[in-house]
Ligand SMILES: NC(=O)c1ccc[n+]([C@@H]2O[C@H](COP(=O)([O-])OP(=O)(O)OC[C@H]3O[C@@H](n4cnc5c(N)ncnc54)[C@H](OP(=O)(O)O)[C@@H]3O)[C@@H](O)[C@H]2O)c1
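Okay, here we've got a single chain as structure tokens, the form predicted on its own, with questions on binding and movement later.
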């Protein structure tokens, strides 16, 4: 289904992004592994993809930097000639008490999570329209819907913004490009490894399935929305949280 499809996954050197890139590779897609800091991790992902028999390249890009996003998109076109699927996964979070939150942290979170999603969607969709369409999947969070973390107020705000952006983009780019969003709950990634053990225990009890998701389980949902099986879905938000309440 994804053979020879070109997939750009932002923030794909680890976590959900890495799992998503590898799953697309198993389906014979061609991958662009985007990273902002660890070239070593990104190259390791590319090596895994190549071992699976698929093509892949790494591109360093700060998704909040417009000129870098333009260059990333152009490098992808120069290499593969098109972009069929964009997964806006890159994101950051600062867990800081509300009254200790700085303006710099607030701006950085919104720049990467929200502005980055806008910039990548803008410049990739321009290319998609030239080649007949594509799929955009934005990674939001249940924090943007009905789970609240005051210590990550800017993160929650950015993820809620991604949900609204998804709906607006779906309308703007219809009918040629489908735009949807995945809203994961708790996922077993490096980002969450350092959470206090008692907090993890408490949150696990709140999850109906009594565990955090594996990154691959989020990736499965991304592949569904990118597939022909989701041909009549756009502007939708898919919660993947194991049940929570």
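Since we're looking at a predicted model, the values are computed, not measured. Positions refer to the first chain, counted from 1.
Below, we turn to the form predicted in complex with this ligand, even though it does not appear here.
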Which one of 179, 49, 219, 61 is close to this ligand in the predicted complex, taking close to mean a heavy atom within 4.5 Å? 61
Checking 57, 200, 191, 209 against this ligand in the predicted complex, the residue with a non-hydrogen atom inside 4.5 angstroms turns out to be 191
Going by heavy atoms within 4.5 Å, which of 36 to 44, 49 to 57, 22 to 30, 200 to 208 lines up against this ligand in the predicted complex? 36 to 44
Can we say 13, 92 and 112 each have a non-hydrogen atom within 4.5 Å of this ligand in the predicted complex? yes
Given that this ligand is not shown alongside this chain, does residue 141 nevertheless sit within 4.5 Å of it in the predicted complex, heavy atom to heavy atom? yes
Does at least one non-hydrogen atom of residue 159 fall within 4.5 angstroms of this ligand in the predicted complex? yes
